[in-house]
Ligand code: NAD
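In the block that follows, a single chain appears as structure tokens, in the form predicted on its own.
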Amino acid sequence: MKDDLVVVTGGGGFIAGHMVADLRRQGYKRIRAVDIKPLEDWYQPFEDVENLSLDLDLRENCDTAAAGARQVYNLAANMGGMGFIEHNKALCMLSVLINTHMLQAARKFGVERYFYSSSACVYNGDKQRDAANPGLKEEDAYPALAEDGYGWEKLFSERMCRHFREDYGMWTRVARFHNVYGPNGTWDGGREKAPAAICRKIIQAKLAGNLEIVIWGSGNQTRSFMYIDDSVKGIQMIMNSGILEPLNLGSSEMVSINQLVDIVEDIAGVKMKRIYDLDAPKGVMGRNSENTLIRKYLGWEPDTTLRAGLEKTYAWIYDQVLARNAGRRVVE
């Protein structure tokens, strides 16, 4: 199997970049990474990987990406943190073209296994109004009331994977990601998620000697955050499992945004004055991953503690900020 061609879409981005790195570590010899960005803007480009800069909104490019592949990990999408998805609903919805065309290409070229990266944004918003969220079960996606734009696209694409499996016999597997974070990912520019944004803000404040931080919303919103290594492991376990329906892939360690700031402050050795922007995008009030099914089916769940993952993330972002301040080119 390690001599067969494996395709990873979104290869210039965060999760897919780590996926490519892990496949290389495992000894896969033929990896094709595909991303719309030029190669110099990829987080983790590798010289021994077939790197293609292609717009996968276009069907002919999906054919190029899938040709000859045995496995496809479709991790490409227009997405970002809450600020991005609230202000770019149409752009997020257009990601439906990527999965639709990749599924068609995978069927055309006889791809044996196909993975699709969905999101916790598919879950019914009425079940996320309480900060003390007991955890979102897979069944809570219906009746449907997904995050406007991004969440609806993910839910539709899940159904597309299901129907390609049912109608054409394709091996399709789906995971619903819950807030993946870690090094080698977006940390500035508007698409970054909360862990990276908070690390960057505290680092910049510490370096500037101005210990203030702006927090979106009241800070009482709750989330769970999954470290990238757990994500990569879980993706491959789900891809090679017998689980037919979408499965949660996330940590069950829920914290408030204020608690998230507490942890990063402690790592940085500072205490910040907090300024709350109640008009900023803040998303649902409470979201957490309920992991009964992944424990049942895989005997495993994401288990990297938030503190341990944030220490590595903070250290990487700190180096990026210093490099940028020194005038060196960094990928943000």
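Numbering starts at 1 and runs along the sequence shown. This one's a predicted model, so the numbers in the text were calculated from it and none came from an experiment.
There is also a form predicted in complex with the ligand; it is not shown, and the following applies to it.
In the model of the complex, Gly309 stays away from the ligand, with no heavy atom inside 4.5 Å. For the chain shown alone, Leu56 is a contact residue for the ligand in the model of the complex, at least one non-hydrogen atom being within 4.5 angstroms. The ligand is not drawn, but in the model of the complex it has no heavy atom within 4.5 Å of Ser251. Heavy atoms of Tyr150 reach within 4.5 Å of the ligand in the model of the complex, making it an interface residue.
Each of Gly13, Ala76 and Val180 comes within 4.5 Å of the ligand in the model of the complex, counting any heavy atom. Looking at 198 to 206, 129 to 137, 158 to 166, 185 to 193, the stretch with residues near the ligand in the model of the complex, meaning non-hydrogen atoms within 4.5 angstroms, turns out to be 185 to 193.
For the options Ser119, Gln221, Thr172, Asn99, the one in contact with the ligand in the model of the complex, meaning a heavy atom within 4.5 Å, is Ser119.
Only one of the listed residues (Lys37, Lys29, Arg274, Arg295) places a non-hydrogen atom within 4.5 angstroms of the ligand in the model of the complex, and that residue is Lys37.
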